[in-house]
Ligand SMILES: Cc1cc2nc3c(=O)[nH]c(=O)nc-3n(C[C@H](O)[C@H](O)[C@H](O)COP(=O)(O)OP(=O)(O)OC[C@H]3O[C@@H](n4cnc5c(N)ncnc54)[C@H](O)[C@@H]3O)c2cc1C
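In the block that follows, a single chain appears as structure tokens, in the form predicted alone.
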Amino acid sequence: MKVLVRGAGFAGLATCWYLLEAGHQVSLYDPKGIGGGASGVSPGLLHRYPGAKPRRADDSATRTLLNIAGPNSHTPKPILRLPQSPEQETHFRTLATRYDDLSYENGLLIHSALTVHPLPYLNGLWSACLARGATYGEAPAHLEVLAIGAASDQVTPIKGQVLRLKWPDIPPLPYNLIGRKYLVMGDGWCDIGATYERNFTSPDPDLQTAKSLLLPDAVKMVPELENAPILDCRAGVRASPPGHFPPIIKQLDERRWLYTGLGSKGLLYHATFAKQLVSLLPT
């Protein structure tokens, strides 16, 4: 069957791959290009322990796609989750006794975590799709999958901004950090994010708003960042579904299916739900 996938972010590219695996003919189209939306701005923090009271999640489908996309798509790097309350600290300490990829060291240290590089990942996965016969561009199709993120009218658009700061003259952290905000270590820089803006007038970066919402928490995590030069500001609009989770997968009419609403858990779950969607389609 010929299927057109609209949307070239995490959801759309994963859907392309599983459609091809199922034997469909696939075209992909996105006016913003590969990773041109919110997926391309993702911090790339992949770990198995989401939520305020985390339980171990299955990230195997995402890790499989990362391996298909190639070694440039990700880097192993631990994540330190900082507790935000005494109750969360107690939960983190208990959790660290249950799984061998966890320890407690001033926070929940997740040794199995990965730093995903969103654009290399998405482009690597698209190259693998091309090798299996996918094409790019709008094309006649029996079915369309709308993996269009916040462009859908069935989700709440949430603007997320990220600041890139020059790393101060101190040793780099051996892990990424998640507290009230996240910190992703780079080579001489770090990314701080993300804002959670429900009321915004433009999807474009807004440096003053990003600074006011991000820098106070960044300085709490690493005080030496207080006067760090700002190198860049990026923004994306993610799709939050009603009730926050799970995402929306549903048939709109005879020809169109909708897959959206992954919200902040897109990197963790995009492959799992793309697989589920493809299993629902007619052969």
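For clarity, every value in this text was computed on a predicted model and none was experimentally measured. When you see a residue number, it is the position in the sequence shown, counting from 1.
Although not depicted, the form predicted in complex with this ligand is the subject of the following passage.
Not one of 107, 186 and 190 comes within 4.5 Å of this ligand in the predicted complex, counting any heavy atom. Although the partner is absent here, residue 36 lies within 4.5 Å of this ligand in the predicted complex, judged by heavy atoms. For the chain shown alone, residue 41 is a contact residue for this ligand in the predicted complex, at least one non-hydrogen atom being within 4.5 angstroms. Residue 31 belongs to the set of residues with a heavy atom inside 4.5 Å of this ligand in the predicted complex. In the predicted complex, at least one heavy atom of residue 8 sits within 4.5 Å of this ligand. Think of it this way: in the predicted complex, this ligand has a heavy atom of just one of 175, 167, 182, 126 within 4.5 Å, and the residue is 182. Think of it this way: in the predicted complex, this ligand has a heavy atom of just one of 225, 66, 45, 258 within 4.5 Å, and the residue is 45.
With this ligand left out of view, the stretch that reaches within 4.5 Å of it through heavy atoms in the predicted complex is, among 248 to 256, 49 to 57, 234 to 242, 215 to 223, 234 to 242.
Residues of 130 to 164 that come within 4.5 Å of this ligand in the predicted complex, judged by any heavy atom, are 147, 148, 149, 151, 160, 161, 162 in sequence order.
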